[in-house]
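So this first bit is one chain, no partners, the form predicted alone, shown in structure tokens.
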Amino acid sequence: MTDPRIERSRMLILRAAVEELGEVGYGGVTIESIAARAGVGKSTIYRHWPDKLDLIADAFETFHERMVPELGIQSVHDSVALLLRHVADVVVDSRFSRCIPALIEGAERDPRVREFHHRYSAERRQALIDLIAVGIDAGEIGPEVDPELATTALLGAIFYRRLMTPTPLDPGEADRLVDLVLR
């Protein structure tokens, strides 16, 4: 069992990493700035993560696991809508929404950040692609729907509205978006 003090410090550091990324951008984040924000020494961070990218990647993975909703037993349409509401909620206003531009900017400049960003995004998309494929196999979604293209359209609408317009997609519009793309 993990020492609760170690887990508490780890969570403080992960939160600090995400907050720092959202505030100063990838290029401005340093292990020193994360340590100062978390109230720990640099050596504490280096005991667990070799560099800032590994720390940021761990933060994204950890918080994703804690935040993603349980789908339970419901229709594929309702499951897809639930996931989209979750994504829209996160993208509208959260510490992660402020990290999106920072991660994109970092990916443009650093091949390691690009590889992480593309892998992380692909893994998140795959869950939705698989869910839509299940709906097609079950006859709930028409066979003419391409799961990957539908996923791109669904998530693309959310991220486009967040990054390219003054008005993010209202999470309450998720059901209408799912209907538009999948029916």
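Predicted model only: the values in this text are computed from it and were never measured. What we label the rigid core is the largest C-alpha set whose atoms superpose within 1.5 Å from one form to the other. Start at 1 with the first residue shown and count on from there.
The same protein also exists as the form predicted together with another copy of the chain; that form is not shown, yet it is the one meant from here on.
Query raised in the report: Do residue 52 and another copy of the chain come within 4.5 Å of each other in the predicted bound form, heavy atoms counted?
Result: Residue-level check for residue 52: no, no contact with another copy of the chain.
Query raised in the report: Would residue 104 count as a contact of another copy of the chain in the predicted bound form, using a 4.5 angstroms cut-off between non-hydrogen atoms?
Result: Residue 104: contacts another copy of the chain in the predicted bound form.
**Report entry** Exercise: residue 23 in contact with another copy of the chain in the predicted bound form, heavy atom 4.5 Å
**Finding:** Yes - in the predicted bound form, heavy atoms of residue 23 and another copy of the chain come within 4.5 Å of each other.
Report task. Using a 4.5 Å heavy atom cut-off, state whether residue 95 contacts another copy of the chain in the predicted bound form. Result -> No, residue 95 stays farther than 4.5 Å from another copy of the chain in the predicted bound form.
Query raised in the report: Taking another copy of the chain in the predicted bound form as the reference, which of 145, 134, 68, 40 has a non-hydrogen atom within 4.5 Å?
Result: When another copy of the chain is considered in the predicted bound form, the option within 4.5 Å is 145.
Requested in this report: Would you mind checking 141 to 157 for residues with a heavy atom within 4.5 Å of another copy of the chain in the predicted bound form?
Outcome: In sequence order, 145, 146, 149, 150, 152, 153, 155, 156, 157 come within 4.5 Å of the partner.
Requested in this report: Superpose the two forms on their rigid core, then report whether the C-alpha of residue 156 is displaced by 2 angstroms or more between this form and the one not shown.
Outcome: The answer is no; the displacement is under 2 Å.
Query raised in the report: Core aligned, does the CA of residue 143 move at least 2 Å between this form and the one not shown?
Result: It does not reach a 2 Å shift.
Query raised in the report: Superposing on the rigid core, does the Cα of residue 117 end up 2 Å or more away between this form and the one not shown?
Result: Where the cores coincide, residue 117 shows only a C-alpha shift between this form and the one not shown that is less than 2 Å.
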